[in-house]
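So this first bit is one chain, no partners, the form predicted alone, shown in structure tokens.
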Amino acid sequence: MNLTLFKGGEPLVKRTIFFFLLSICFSPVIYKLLPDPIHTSSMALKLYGIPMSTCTARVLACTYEKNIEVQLVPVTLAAGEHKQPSFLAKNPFGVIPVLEDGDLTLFESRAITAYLSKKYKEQGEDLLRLKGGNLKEEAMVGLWLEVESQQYSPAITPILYEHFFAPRRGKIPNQKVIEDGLVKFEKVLDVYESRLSQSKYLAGDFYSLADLHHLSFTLYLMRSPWASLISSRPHVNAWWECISSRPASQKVIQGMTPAEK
């Protein structure tokens, strides 16, 4: 069964899109077929989510890049586990992912990746450019993190929602929403093309959390009929090929790929 998860944000259409995360089923069979993506131990951080969720994948990519030991605790959305009191105690909004680090509980994937990148700044990839003392580089990472959150994600999400999720709800994809989304997203990508003509990665000539945050949503776009939006822009395409081919990214992508029947 081909399953896909996304998370929406922002008001209006995107608030509606947000809730499509909650009703997509995740097959335990697929989960068992996945390679062990993480290390586990009694002392490991706990991450509640599923590998095919775009937002859980975002956090997993960060743990791989930072060499962080984390235990993935599957949440069965189809059974409504995310709406049970035990889960709502962790995240009152009832969505994945959730991170537990001792007595600290965090939700919202971007908040989790920022926390992990700071707590484990001395190991793995310096995703926030905290070790070099270069305030300009750190600021550029922050800038493009905001661009992803405020521009890229709101533009791409309606397209993916209508294409992947609406049919699973027995609905006909809203072509007007898709067309409007494509117009908006192309404008965003034109900005990216210009930026990436000046540097290898978004914040500069170094990989950062800003690049990582694009991985999961863009992966699903590349599995859609509109992959050419990326491939037709040489600098954006080169950037995508670079960030998606990283060892950490490949682990995430493998987890986001349904097992063959």
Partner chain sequence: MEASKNTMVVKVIGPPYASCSRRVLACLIEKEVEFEIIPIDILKGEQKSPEFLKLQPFGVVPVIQDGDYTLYESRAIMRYYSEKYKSQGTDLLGKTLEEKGLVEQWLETEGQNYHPPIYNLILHLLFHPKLGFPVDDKIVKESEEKLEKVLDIYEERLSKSKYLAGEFFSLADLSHLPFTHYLVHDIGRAYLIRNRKHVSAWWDDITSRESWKKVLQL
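These numbers come from a predicted model, not from an experiment. Numbering follows the first chain given and starts at 1.
Missing here is the form predicted together with its partner chain; even so, the following discussion is about that form.
S.K.: Could you tell me which of 175-183, 78-86, 159-167, 99-107 sits within 4.5 Å of its partner chain in the predicted complex, going by non-hydrogen atoms?
M.R.: In the other structure, the partner sits against 99-107.
S.K.: Would you say all of P92, A114 and L135 touch its partner chain in the predicted complex, counting a heavy atom within 4.5 Å as a touch?
M.R.: Yes: each residue has a heavy atom within 4.5 Å of the partner.
S.K.: How about M140 - does it come within 4.5 Å of its partner chain in the predicted complex, if we only consider non-hydrogen atoms?
M.R.: M140 belongs to the contact set for its partner chain.
S.K.: Since only the chain is shown here, I'm wondering whether Y192 would be in contact with its partner chain in the predicted complex (any heavy atom pair within 4.5 Å).
M.R.: The answer is yes: Y192 has a heavy atom within 4.5 Å of its partner chain.
S.K.: How about K119 - does it come within 4.5 Å of its partner chain in the predicted complex, if we only consider non-hydrogen atoms?
M.R.: Yes.
S.K.: Examine A155 and determine whether its closest non-hydrogen atom to its partner chain in the predicted complex is within 4.5 angstroms.
M.R.: Heavy-atom contact with its partner chain at 4.5 Å: absent for A155.
S.K.: Quick one: name the residues from 139-162 with any non-hydrogen atom within 4.5 angstroms of its partner chain in the predicted complex.
M.R.: Contacts from 139-162: A139, M140, G142, L143, W144, E146, V147, S149, Q150, Q151.
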